[in-house]
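Okay, so here's just one chain, in structure tokens, the form predicted on its own.
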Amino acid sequence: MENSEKTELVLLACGSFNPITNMHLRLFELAKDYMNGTGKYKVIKGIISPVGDAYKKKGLISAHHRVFMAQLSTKNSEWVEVDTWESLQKEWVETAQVLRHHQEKLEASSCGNEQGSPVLERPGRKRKWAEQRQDFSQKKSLEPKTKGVPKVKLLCGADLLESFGVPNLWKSEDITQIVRDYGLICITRAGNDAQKFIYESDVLWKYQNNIHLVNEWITNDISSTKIRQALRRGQSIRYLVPDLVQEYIEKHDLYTSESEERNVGVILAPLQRNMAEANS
């Protein structure tokens, strides 16, 4: 009875994952512990959604490699998985749209489960009972199922929260939709200004109850940028990324001075799109 009163959550992390690190994986564990600890939620799944190549970020290697490394890193996880939908899109997809895609997918799955399998007709009274059950099933499917459907929330670091303030990087309506309709689980560090940033933003302040700040007390400064830098310098990255990811990077010689120059001089996709819309 206690579990039935909890809201089931799916944690969605969007980003470059260039490459995925142990810190990316750690975010999921921190968020799960915190949300389950509130007594109001039950985290049932984590989703890693690598951005597509059309994002045009400097040094961004092929989505094929980034997705494969993410899959290797979650090989032994019982609840975190990798989704390829965003990475396979030809155009860059807004985070709000990725959230919407996964929420709609959960709703469609929930409707399918509640409707059950097709009812086989049988002669006599059994057939009549089957027809009645089918009628009931159809009526039930028209009822809203939102209450029982797991909720998708965006999992992020404090840097994403602060990026909301970068001009033209986010559309204001997307920020509103993310914090109002889905919510954020933001992993912060001691001395971080995430709370201050929320206070200074009218939109974030308005929906602050849907923003969960989780303190990361065991400091971990691993970042994809630092991993790539170490690789360019021929330094070890062992224990910073999963072993299978390290082996894959070395096998394919993924991060070099040449790869870091990819998309140099190219305007980031969201900036390009949002500035074009602002000027139209």
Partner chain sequence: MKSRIPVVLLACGSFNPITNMHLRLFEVARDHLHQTGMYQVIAGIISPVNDKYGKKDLVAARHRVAMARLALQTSDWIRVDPWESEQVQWLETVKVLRRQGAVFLGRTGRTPTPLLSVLAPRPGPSTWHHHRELLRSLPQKEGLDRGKAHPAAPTAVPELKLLCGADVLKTFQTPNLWKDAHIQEIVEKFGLVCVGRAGHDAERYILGLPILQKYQHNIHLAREPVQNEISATYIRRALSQGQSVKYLLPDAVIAYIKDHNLYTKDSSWKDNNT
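Residue numbers count along the first chain shown, from 1. The model shown is predicted, which means the values in this text are computed figures rather than measured ones.
The same protein has a further form, the form predicted in complex with the partner chain, not shown here; the description that follows concerns it.
Ile222 is the sole member of Ala54, Ile222, Ile44, Leu244 with a non-hydrogen atom lying within 4.5 angstroms of the partner chain in the predicted complex. With the partner removed from view, the residue among Asn263, Asn22, Thr256, Gln272 that has a non-hydrogen atom within 4.5 Å of the partner chain in the predicted complex turns out to be Asn22. Put simply, Asn76 is close to the partner chain in the predicted complex: some heavy atom of it is within 4.5 Å. For Arg238, a non-hydrogen atom is located within 4.5 Å of the partner chain in the predicted complex, even though that partner is not displayed. Using a 4.5 angstroms threshold between heavy atoms, Leu30 counts as touching the partner chain in the predicted complex. Of the heavy atoms in Gly234, some are within 4.5 Å of the partner chain in the predicted complex. The stretch in contact with the partner chain in the predicted complex, judged by heavy atoms within 4.5 Å, is 68-76, chosen from 154-162, 194-202, 176-184, 68-76. Contacts between 198-218 and the partner chain, taken as any heavy atom within 4.5 Å in the predicted complex, involve Trp217, Ile218.
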